[in-house]
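Next up: a single chain in structure tokens, the form predicted on its own.
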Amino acid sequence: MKKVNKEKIVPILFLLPSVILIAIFVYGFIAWTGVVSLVNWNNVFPDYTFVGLKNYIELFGNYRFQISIKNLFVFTILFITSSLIIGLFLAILLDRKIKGENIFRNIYLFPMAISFVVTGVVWRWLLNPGTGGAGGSVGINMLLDKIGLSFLKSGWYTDPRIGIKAVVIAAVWQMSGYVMAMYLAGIRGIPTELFEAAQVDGASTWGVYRFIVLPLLRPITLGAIIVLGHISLKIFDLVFAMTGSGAGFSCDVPALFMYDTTFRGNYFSQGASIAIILLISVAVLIIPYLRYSLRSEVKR
């Protein structure tokens, strides 16, 4: 009896410090942020006067917040769609057992090894619309000059008509390799008997991918959407390092607006309300997926 109790108590003692720390520094601070969003602390000095949802109402009437939400929507749609298409295309190419597969796989995965800050700095230079020291273009614009496609030169992130779409290019470059790895693992996990049976039945290559591979890759597609979706909703460091809020807030996103509001403007309650809105948006994306995963595991 004593041995059984000891077996139960020892794991609990090992887990208890991490549980306490997570409770304080994660959920405790989330609760504190929620409290701050409901008071009137919009100055350097704390003011805990309860104002209810006033900060949220003012926030949704804020012009910059409206633009940042619109930019985030555009960024999320383009980022997820482009990453899935490019990742699936690369996975299918690598699955053809081409020569030097390991080299190509490492090249595609390499961007994952660097941070969004480094990616932002590099792409800030690559998409620089300015001229070089000798009067010529730099980065992508210089490449377009060299190959005779000067008419495609653009102001990139400095052009308000492009704005956040230029950031999408950098984000897709970094994350499409990750999606490729997920899809490649999924394709390699499909039993070869299914491919052989389809070929015996006369299915074309397109038919095999359409009616066998893609349906079986749905769980991986869903997982990739969840991962990419929560990255896009929280995107900050890439935008901060690459463009900032951009011309006319054309590159602004809610996380960057929250940073400026809280730490540069000292509007702590309004910044906290932005943080809560971001938390709710991520929860709306993640919680249904977790419930779906738990139910799938129970059925197994």
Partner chain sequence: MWRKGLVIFSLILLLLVLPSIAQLKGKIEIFSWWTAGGEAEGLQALFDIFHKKYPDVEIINATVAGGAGANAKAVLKTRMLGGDPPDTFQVHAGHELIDTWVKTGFMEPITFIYKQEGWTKVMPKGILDIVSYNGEYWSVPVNIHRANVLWYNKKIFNENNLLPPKTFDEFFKVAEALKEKGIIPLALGTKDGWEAAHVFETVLIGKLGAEGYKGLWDGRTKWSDPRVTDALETFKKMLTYVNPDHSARTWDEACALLVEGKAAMNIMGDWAVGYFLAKGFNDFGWYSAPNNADIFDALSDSFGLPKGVKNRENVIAFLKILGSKEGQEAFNIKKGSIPARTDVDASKFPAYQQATMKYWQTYKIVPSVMHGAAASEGWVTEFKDVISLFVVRPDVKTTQKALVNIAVKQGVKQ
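Numbering follows the first chain given and starts at 1. This structure is a prediction, so every number in the text was calculated from the model and none was measured.
One more form of this protein exists, namely the form predicted in complex with the partner chain; it is left out here, but the text below deals with it.
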| item | value |
| --- | --- |
| Candidate stretches 271-279, 26-34, 61-69, 227-235 - the one whose heavy atoms come within 4.5 Å of the partner chain in the predicted complex | 61-69 |
| Contact residue in the predicted complex, from 158, 82, 76, 221 (heavy atom within 4.5 Å of the partner chain) | 158 |
| Residue 128: touches the partner chain in the predicted complex, heavy atom cutoff 4.5 angstroms | yes |
| is_contact(residue 55, the partner chain) in the predicted complex, heavy atom dist at most 4.5 Å | no |
| Partner contact for residue 242 in the predicted complex: the partner chain, 4.5 angstroms, heavy atom | yes |
| Exercise: residue 51 in contact with the partner chain in the predicted complex, heavy atom 4.5 Å | no |
